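What follows are structure tokens for two forms of the same protein chain, given separately as structure 1 and structure 2.
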Structure 1
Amino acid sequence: MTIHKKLTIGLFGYGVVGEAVFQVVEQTPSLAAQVKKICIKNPHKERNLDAAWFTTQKNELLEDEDINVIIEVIDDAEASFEIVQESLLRGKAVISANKKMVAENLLALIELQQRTGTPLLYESACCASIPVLRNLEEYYDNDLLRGIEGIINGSTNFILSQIFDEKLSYSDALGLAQCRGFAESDPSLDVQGLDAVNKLCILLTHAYGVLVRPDELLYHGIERLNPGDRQVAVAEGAQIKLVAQAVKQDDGSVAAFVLPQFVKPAHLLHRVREEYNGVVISSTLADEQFFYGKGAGGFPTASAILSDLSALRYDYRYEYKKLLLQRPSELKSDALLNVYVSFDDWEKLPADAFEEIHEYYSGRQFHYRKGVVSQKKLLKSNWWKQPGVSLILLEEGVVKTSPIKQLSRQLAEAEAVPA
């Protein structure tokens, strides 16, 4: 095991996170690391460092032989991938915080690491200060890992906390999140569930060896929650949280999705408030283990980057054990889900939307049904994405289907397909 005497860093990006990274590196002499140059997009923006630190030319960093580590914290996934690719090909270790870039290019990034023998670390891309990736990579065996549940987007959790704790409307809660810097002026990546599903893709690879693109997973955000949904949740003693899940099935496959979910006080995720993240990892031997911390922000993200920097001094790299050294799990796309669906017009609900109906309510302008839906059907349809329709997972989540019932359903679906 080699301990590098010095890490010389080329930093891409000097926004909230980039500035925090610079400060942390400067204030942590035990790292034996220093930032040599910072690449930025806008040279005219006022910054708190001398202009000599900055350049707009990426090759000043990529071609500098003294720089042996690239840290990129930019928000452009395409530009980020180009930087990471070029850095690895030049033998420079990389630390990235760009979850969209990693999720959309993970197979290519793994192949690049294998080909070049150069590490890419991205702990900060999932849950910022919570050290979940390395734990999944190193600590939990695939066969013993029963599931992961996580609130992994701080913006939506802040919004939902305001709706339930402060009784704000969705629009007011979103506005407050934007004022406090927890949500972007265009919040679609967060409120539509895209940010969370990007992170879930990364978690699945390190937990189960599943390689999947974000657009292959079932996901639904919080932007279409109905005020009546809050009333139903409160009446049942629950809150609504946006939860990413990966659940190991009896046959060894994994069901994975991001959905709003009713969460009751006994659940560990119920206590996760404001902009915080929380991840519950369930394993056969250790039962439930709970990780909690700030999931966004300059210094929480910088803390994860600092951890990756420290790991690079020991030549640490992801081995992708569950994918390359074990038998990976298969992604299950036909799980049965216990859900609540509210809607403002009966015409928006297809006759075959539910496999089973357990409860229903109908009012003048607000209706809901509870029951079982097919994940496979949801992935093939769009009725649940219409304005006025809200889809929320019940706390029971994935239905445990008996092998006989599962076979009967599969035969019925096969018979329904035209020859």
Structure 2
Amino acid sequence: MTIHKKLTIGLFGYGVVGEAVFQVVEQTPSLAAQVKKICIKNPHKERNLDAAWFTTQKNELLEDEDINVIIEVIDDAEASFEIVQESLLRGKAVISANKKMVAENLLALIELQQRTGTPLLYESACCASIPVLRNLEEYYDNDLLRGIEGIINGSTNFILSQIFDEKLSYSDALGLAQCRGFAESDPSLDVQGLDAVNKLCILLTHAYGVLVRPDELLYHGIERLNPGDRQVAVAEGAQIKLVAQAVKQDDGSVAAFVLPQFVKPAHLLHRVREEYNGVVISSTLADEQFFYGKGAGGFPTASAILSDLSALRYDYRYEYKKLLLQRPSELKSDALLNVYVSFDDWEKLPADAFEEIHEYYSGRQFHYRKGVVSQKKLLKSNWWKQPGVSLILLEEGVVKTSPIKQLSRQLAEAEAVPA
């Protein structure tokens, strides 16, 4: 689709982000863009605009021939998918901030864009104001990209900062994140790590051409952290962060997961506080590069949406280069991980939880072990998700194994599979 000079926008959603988008579009005349109508769910909510701007009928926007761009910032992933499909089929370019919708439907969305020739952009869905997707798509060559490590959920980072720096309780910190408008309407998406794993799926497609559903990846949030974990972290001079990772292995495959992690001051992510996000991209030639910025909130999200709007003007679309034009990397889930596990009751720790144990502590109602666990075994079990059990990645996350050790482990795992 060729976008003519004027961008006429149909806006879905007028929450924290929708309001910021409206304001910014109105105040940026250089964009030559204009919101024509806003579709909302609840017409009775008090809003700061005349009622004539709003409708509850999605077709008023979708059937309007003047509207050539749909901006979709609602928080219902199913409704969002319907809007995006209908818009693309009608030849309207779409900008979406809905990471859940994109992550869960990426294959269908790619096919639809190819079929209709109409673009869908979603820079704001990953790390809000940080332009990480377009950089991964355009700049980093697949073979050179060694790994991505990121704090990609602002709410959990805000909560952890409040717990570590301000000594707030978990529930007070969560309440504050909700008040500030960073958290999802259902904050369990943030604290259980789902929001981060949705974003990681999107990053994996643009970084490595990997298409994976969020529920296929290993992920864990911050709601199971034990109070004792903070003390352990402080004693070791570390912070606990929720980190998403995609790590290229020696055999060319990629290991990917979202886990709480001990992060020491020398690590670039250590300085990422409050609702900020940070992404460290490691490449063979350039070594480490660090992207840092606000990852949640109305205006930071609106800034990425604005950038997508101007990209539409020059007909920018994702080519999904790593997936469609290069050989995609293989996603493997057989990494060995260096972890710390704390628990309040020995009964909760299975005898075969660890492959190796390097350190342990036992107190009255707080015990921990540090050692090596298998990613594959974690994916097949639930013991580490129980209340009272907290699993945190150590800073040296993925264990580097020699090819011979790796082969013998794979053979042992294959033999252990019941016939």
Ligand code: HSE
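Just so you know, these numbers come straight off a predicted model, no measurement behind them. Quick note, the numbers are simply positions in structure 1, starting from 1. Here, rigid core means the biggest group of C-alpha atoms that superpose within 1.5 Å across both forms.
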item	value
Correct structure when looking for the form predicted in complex with the ligand	2
Per-residue C-alpha change between structure 1 and structure 2, residue 250, threshold 2 Å, rigid core fit	no
Residue 83 C-alpha moves between structure 1 and structure 2 by 2 Å or more, core aligned	no
Cα displacement of residue 122 between structure 1 and structure 2 reaching 2 Å, rigid core superposed	no
Residue 184 CA shift between structure 1 and structure 2 in angstrom, with the core used for superposition	5.2
